[in-house]
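Shown below, as structure tokens, is a lone chain in the form predicted alone; questions about how it binds or moves come after it.
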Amino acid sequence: MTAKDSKHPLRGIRSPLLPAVLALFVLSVNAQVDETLTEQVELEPAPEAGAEGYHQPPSLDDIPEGPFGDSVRSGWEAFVNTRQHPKAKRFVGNKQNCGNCHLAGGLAANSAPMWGAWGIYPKYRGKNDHVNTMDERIRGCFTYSMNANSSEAGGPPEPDSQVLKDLQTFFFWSAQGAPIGKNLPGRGYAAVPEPQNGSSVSRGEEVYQNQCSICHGSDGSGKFADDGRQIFPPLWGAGAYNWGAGMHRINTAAAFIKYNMPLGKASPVEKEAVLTDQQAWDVAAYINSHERPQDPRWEGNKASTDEKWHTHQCLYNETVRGHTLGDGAG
């Protein structure tokens, strides 16, 4: 089957930090989320890298001592181990880490690196008609990808809270030397055009079982150490990103999967892939054909929530395997 084709037409790391993040499957949002947590829109594509290549962030070994360095280290730790971080964990309402959205702890080109995001904020967004800050952007990530509404705190971190300051300090540090206000090569994910045959849940299931289930489980539940530390994150169910996260969109998931998965085999920096475009789109459809936590923008029923917030390529409110998706998983 194809994903909302008639209803909503589409409008291996090579890094010294790989050992630190080898267990992190990346589920990111190639979208902007406004402060009022309303709608996601596509980013402008990043330019190709020229002879100068990509921005080279500083090494973690070069984080300075003192209060600034402490904040960088705290932000990095909150980013890659969000569920265990003392300041961040109370805002996580599922089994994800922020680092699941960005390979190499947010530093790999073409894997939504934070050095690529830092320099484009603050920015005006017509969707909410004001200048959005990075602080607001991170809160949106907590709300959707981390399902913060079901967390101990009941929502994302408060504006200008210490955990947001630490995360932004890490982002700022990673962008040292990068120009401000520029759409940098390597920002976001490398787009993968929709194949002529669209996307197929049934074909995607075969790809998933052959390429993904060894890490994420045949039931998509992920893998965890005895102490609860995440090894590989869930891809659907109560522990996954919710129906409002950008990764529930098939095109976004396909763009991530193509050059980032399987972990350690594909390389976003080199733009080397294991899967074909067709396989990436198909497995993205299969992953997103399962229930996950409800969209925080829930309108009271699936039809109205779909009409208002899901006018993009996804399977929300579509019937798959005899079930109309969008009930949510709790």
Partner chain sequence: MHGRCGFTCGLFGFSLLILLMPTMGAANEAGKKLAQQGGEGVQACSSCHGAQGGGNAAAGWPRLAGLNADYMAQQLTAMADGTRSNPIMAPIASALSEQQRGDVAEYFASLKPPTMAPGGEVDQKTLHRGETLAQRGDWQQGIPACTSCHGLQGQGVGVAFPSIAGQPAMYLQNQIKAWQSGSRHNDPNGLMASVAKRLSDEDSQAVTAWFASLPAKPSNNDQ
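Residue numbers count along the first chain shown, from 1. Remember, it's a predicted structure, so these values are computed and weren't measured experimentally.
Same protein, other form: the form predicted in complex with the partner chain, not shown, and the subject of what follows.
*Asks:* Indicate whether the partner chain has at least one heavy atom within 4.5 Å of a heavy atom of R229 in the predicted bound form.
*Replies:* Taking the distances in the predicted bound form, the answer for R229 is yes, it comes within 4.5 Å of the partner chain.
*Asks:* So in the predicted bound form, does S151 come within 4.5 Å of the partner chain, heavy atom to heavy atom?
*Replies:* The answer is no: S151 has no heavy atom within 4.5 Å of the partner chain.
*Asks:* Do K223 and the partner chain come within 4.5 Å of each other in the predicted bound form, heavy atoms counted?
*Replies:* Contact check for K223: yes, within 4.5 Å of the partner chain in the predicted bound form.
*Asks:* Mark L275 yes when one of its heavy atoms lies within 4.5 Å of a heavy atom of the partner chain in the predicted bound form, and no otherwise.
*Replies:* L275: no contact with the partner chain in the predicted bound form.
*Asks:* Could you tell me which one of M114, L164, A255, A104 places a heavy atom within 4.5 Å of the partner chain in the predicted bound form?
*Replies:* By the 4.5 Å heavy-atom cutoff, the listed residue in contact is A104.
*Asks:* State the residue from T305, Q294, Q279, S267 whose non-hydrogen atoms include one within 4.5 Å of the partner chain in the predicted bound form.
*Replies:* Of T305, Q294, Q279, S267, the residue with a heavy atom within 4.5 Å of the partner chain in the predicted bound form is S267.
*Asks:* Can you work out whether the partner chain is within 4.5 angstroms of a heavy atom in all three of Q56, Q211 and C215 in the predicted bound form?
*Replies:* Every listed residue reaches the partner chain in the predicted bound form, so yes.
*Asks:* Spot the stretch among 64-72, 259-267, 44-52, 283-291 with residues whose non-hydrogen atoms come within 4.5 Å of the partner chain in the predicted bound form.
*Replies:* The contacting stretch here is 259-267.
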